[in-house]
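One chain follows as structure tokens, the form predicted on its own.
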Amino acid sequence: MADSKKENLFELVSSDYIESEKIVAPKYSYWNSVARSFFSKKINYIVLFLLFLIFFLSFVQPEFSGYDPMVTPNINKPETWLLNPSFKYWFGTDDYGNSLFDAVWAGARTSLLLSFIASIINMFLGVVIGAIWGYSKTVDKFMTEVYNVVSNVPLILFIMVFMYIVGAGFWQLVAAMTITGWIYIAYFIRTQVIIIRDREYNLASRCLGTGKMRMIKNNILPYMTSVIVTLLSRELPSYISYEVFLSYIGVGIDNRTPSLGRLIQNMSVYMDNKPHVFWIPVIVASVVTVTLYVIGQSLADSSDPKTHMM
């Protein structure tokens, strides 16, 4: 009787070679995991909303406001100059009677465009050249000497001298920021590549005859996603800061193009009697740079595979 009960406790399972080779594991998507990690923090929803609002006001609002820094419709109406904030003029008016709200967001659009264009150029050149620089020992010798020469000149000093030579302007400032700006990114990427290139799986792949460019594209750069995002989160706000500073001292954006730096420079003379016309553009510039930095850091943390481990 006892033997019959024991027989009922077990069931004979036939062996299946094909089924035994299948690995049962939950499906994993890297970018889904990044999104899950990013949206798990409630503060990121607030920052994303603030970023969307900044982009909307910077790129949509100026299209409807019709603001033009070269047109001063109220120049002959002194009673409209430097008005305090009101329901009609949310930020007040500037020294020509134009809406300061319109001027600020038209300037923010220029500063953001400048930052994105310069960041894209520098990041692309920096990542590509840095990956080749770190993988090839021949290129490493040459590029290291170039870096030693360029890095001895502070970037902000180089930009200022370049702008004094070619003159103020949007594209001139983009050129000044990108001529040597990429090399600092490339050097950082080069260091990271050197750390990764001699790991066991890369040595095995090299022994199997994998080409250099394929090694860089498939074996090295995918492991540096969080590093690249971290660099981008620093680059975007830094170029806005450069623009504000250089335009403030008169060597950045020209007078025909609205920008936050140019607006701050123009409004600085009214700090004593009308301080709001100076501090409002300063606060907006600070909010834009901090928002970009925070969202970039959150994305960098979320893109780090270590944060996806359960």
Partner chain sequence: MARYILNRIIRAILSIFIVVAIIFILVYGLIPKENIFNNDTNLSKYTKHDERISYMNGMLEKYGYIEFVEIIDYCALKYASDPSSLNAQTCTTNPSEYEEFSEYYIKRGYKVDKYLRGIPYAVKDKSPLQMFFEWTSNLIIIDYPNWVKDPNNPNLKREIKFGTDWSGNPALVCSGCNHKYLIYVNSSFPFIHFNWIEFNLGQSFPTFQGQSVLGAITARQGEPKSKEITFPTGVKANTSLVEHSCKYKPLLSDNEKLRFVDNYANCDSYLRDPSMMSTSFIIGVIATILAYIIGLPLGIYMARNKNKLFDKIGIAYIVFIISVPSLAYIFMFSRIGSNIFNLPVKFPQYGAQNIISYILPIISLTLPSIAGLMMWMRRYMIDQSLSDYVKFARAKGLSESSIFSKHIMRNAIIPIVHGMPMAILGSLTGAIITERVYAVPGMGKMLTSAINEYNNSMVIGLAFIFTALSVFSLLLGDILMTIVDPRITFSEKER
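Residue numbers count along the first chain shown, from 1. Computed from a predicted model, the values in this text were never measured in an experiment.
Heads up, the form predicted together with its partner chain isn't pictured, but that's what we're talking about next.
This chain appears without its partner; in the predicted bound form, the one residue of 71, 203, 194, 165 with a heavy atom within 4.5 Å of its partner chain is 165. Screening 213, 75, 157, 139 for any heavy atom within 4.5 Å of its partner chain in the predicted bound form leaves a single hit, 157.
Stretch-level contact check against its partner chain in the predicted bound form with heavy atoms at 4.5 Å: of 35-43, 258-266, 62-70, 48-56, the positive one is 258-266.
Contact with its partner chain in the predicted bound form holds for none of 124, 174 and 226, as no heavy atom of theirs lies within 4.5 Å. In the predicted bound form, its partner chain lies within 4.5 Å of some heavy atom of residue 285. Taking the partner from the other structure, its partner chain in the predicted bound form has no heavy atom within 4.5 Å of any heavy atom of residue 30. Taking the partner from elsewhere, residue 289 is found to have a heavy atom lying within 4.5 Å of its partner chain in the predicted bound form.
Looking at residue 148, you'd find a heavy atom of it within 4.5 angstroms of its partner chain in the predicted bound form. Residues 241, 244, 245, 248, 249, 250, 251 are the members of 233-260 with a non-hydrogen atom no more than 4.5 angstroms from its partner chain in the predicted bound form.
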